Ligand code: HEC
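The form predicted alone is given below as one chain in structure tokens.
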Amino acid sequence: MKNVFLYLLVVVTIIALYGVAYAGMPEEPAGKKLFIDSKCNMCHGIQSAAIETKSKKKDIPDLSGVGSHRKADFLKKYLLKQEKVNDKNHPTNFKGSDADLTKLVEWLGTLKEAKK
């Protein structure tokens, strides 16, 4: 009986420690997850967020400071091909929900260039 109690105590302690460790981990921003899940990193990288591009092209812009140059409402329209950058539409239309698009562009808007 004593061994069963000791075994249960060890199991409960391990579960509790796992829960405490997991709760202390910072949560990834929803926009960052959407960026990756939407495969935006097939063309774009975000060095400041440790996201590498999968593209082999050399002229693909890094989006690390996009929030310093563009507002979320512009980015939303651009991803829906309602706005242009350098007289060009975004190559693909965003396929997610409106709520997901809002989360994505709000996160992109937080990506500011480091002040010098």
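All of these numbers come straight from a predicted model, not from anything done at the bench. Residue indices: 1-based, along the sequence shown.
The form predicted together with this ligand exists for this protein as well; it is not shown, and the discussion that follows is about that form.
The listed set Cys40, Ala72, Ala30, Ala49 contains one residue whose heavy atoms approach this ligand in the model of the complex to within 4.5 Å, identified as Cys40.
By the criterion of a heavy atom within 4.5 Å, His44 is counted among the residues contacting this ligand in the model of the complex. When contacts are judged by a 4.5 Å heavy atom cut-off, Ile60 counts as touching this ligand in the model of the complex. Remark: Lys88 counts among the residues lining this ligand in the model of the complex, judged by a heavy atom distance of 4.5 Å or less. In the model of the complex, this ligand lies farther than 4.5 Å from every heavy atom of Thr13.
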